[in-house]
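Read the single chain below, which is given as structure tokens and is the form predicted alone.
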């Protein structure tokens, strides 16, 4: 089988800047596929100088020779999907109707899923901090075999109503039992509304198998734009503070309907410092002026985490929530290398880390942990049992650096930046091939 698939995967908790390397790889791709998650993920692309925030449609849609697929592993908020399609058309991106394909097997997020998302979070003593977009409940219905798929939208209205009636029975009872009568779903109105959505989206809904098999047989490049990241994986992440799908490479291949034999290259993406949205362990997290609700505390002396967050502009794209920030964590990278089979690393925000170093006077890199009285070089999966967060062991670099806009090669980088990269490579075991040195897609050094 031809090995023509490149997968781009996050190595920590998302927000690593996967869009930059995805854009580069998609330029000469035949197919670009989104495989997991919902509109809780996404990235911003630039077309003719206009920034386009996309949460469902693959960013490769900006290239006229590329066909973009939303795979069966994705869950879809149809209002968001339709608004993105309209935005792309208004921006002047060509042939959307012929180049966007949606797997009929992909599942749909319905209004009651969002209500359930809020309810489930309220039930928990330690909430996950979900985006409240109905992602998890939609996946739960999928696993319970009562989910509504894109194919179902093409049924008659009566057939769709019958499926929705079956799906909402336990949910409506839960809403009634918890005094949420306003959330009780009506199968008639939902069937009518989503049948209309089906008519609008019918031109995109298809069996994607022939597209994939033809591209593999013809040895055409296929790129999978990964969503979320390793530590958010349902099976391999910081459970229960995880997403509801499998964004590691094996799960991404499954969600894209791709065979593992076709995999050629895995590019892991990380930031030169690290950040996290929501709750969960973060060994290298720095102290910051953020209250218990995740809001910035104003008019206080900035702490280390505040300086990193502000220099990196680390606020949620949609929620505007301040992200938790900390130093580069290489043991997690090393674990991600083996769980996802990472071949090369793309390190973004190398310029930002240099500015952080100039502001603080130092840059730190976590190269190993002290955990249960031992020094280890991997991320342990039993911290819920040990009740112990691994203690970072750091290597410290004095000062920081500035990367000039004229810097286009690895050799031109400041020596201290090169030293940082060498430390990351040695501790993680992953060669750093791509370096993000600025906000634009072209601010990327490729190290051959």
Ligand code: IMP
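Numbering follows the first chain given and starts at 1. Keep in mind that this is a model prediction, so the values were computed, not measured.
The protein also exists as the form predicted together with this ligand; that form is not presented, and the subsequent description refers to it.
A.B. asks: Which of 193-201, 335-343, 297-305, 272-280 has heavy atoms within 4.5 Å of this ligand in the model of the complex?
C.D. replies: Stretch with heavy atoms near the partner: 272-280.
A.B. asks: Answer with one of 128, 263, 85, 257: the residue that has a non-hydrogen atom within 4.5 Å of this ligand in the model of the complex.
C.D. replies: Of the candidates 128, 263, 85, 257, 128 is the one lying within 4.5 Å of this ligand in the model of the complex.
A.B. asks: Quick one: from 171, 105, 321, 163, grab the residue that has a heavy atom within 4.5 Å of this ligand in the model of the complex.
C.D. replies: The residue from 171, 105, 321, 163 that makes the contact is 321.
A.B. asks: Taking any heavy atom pair closer than or equal to 4.5 Å as contact, tell me whether residue 110 reaches this ligand in the model of the complex.
C.D. replies: No - in the model of the complex, heavy atoms of residue 110 and this ligand never come within 4.5 Å of each other.
A.B. asks: Is residue 138 near this ligand? Define near as a heavy atom within 4.5 Å, in the model of the complex.
C.D. replies: The answer is no: residue 138 has no heavy atom within 4.5 Å of this ligand.
A.B. asks: With the partner left out here, check for me: in the model of the complex, does some heavy atom of residue 67 sit within 4.5 Å of this ligand?
C.D. replies: It does not: once this ligand is placed as it appears in the model of the complex, residue 67 has no heavy atom within 4.5 Å of it.
A.B. asks: Wondering, does residue 232 line up within 4.5 Å of this ligand in the model of the complex on heavy atoms?
C.D. replies: The answer is yes: residue 232 has a heavy atom within 4.5 Å of this ligand.
A.B. asks: Could you run down 5-24 and flag each residue that has a heavy atom within 4.5 Å of this ligand in the model of the complex?
C.D. replies: Stretch hits, in order: 13, 14, 15.
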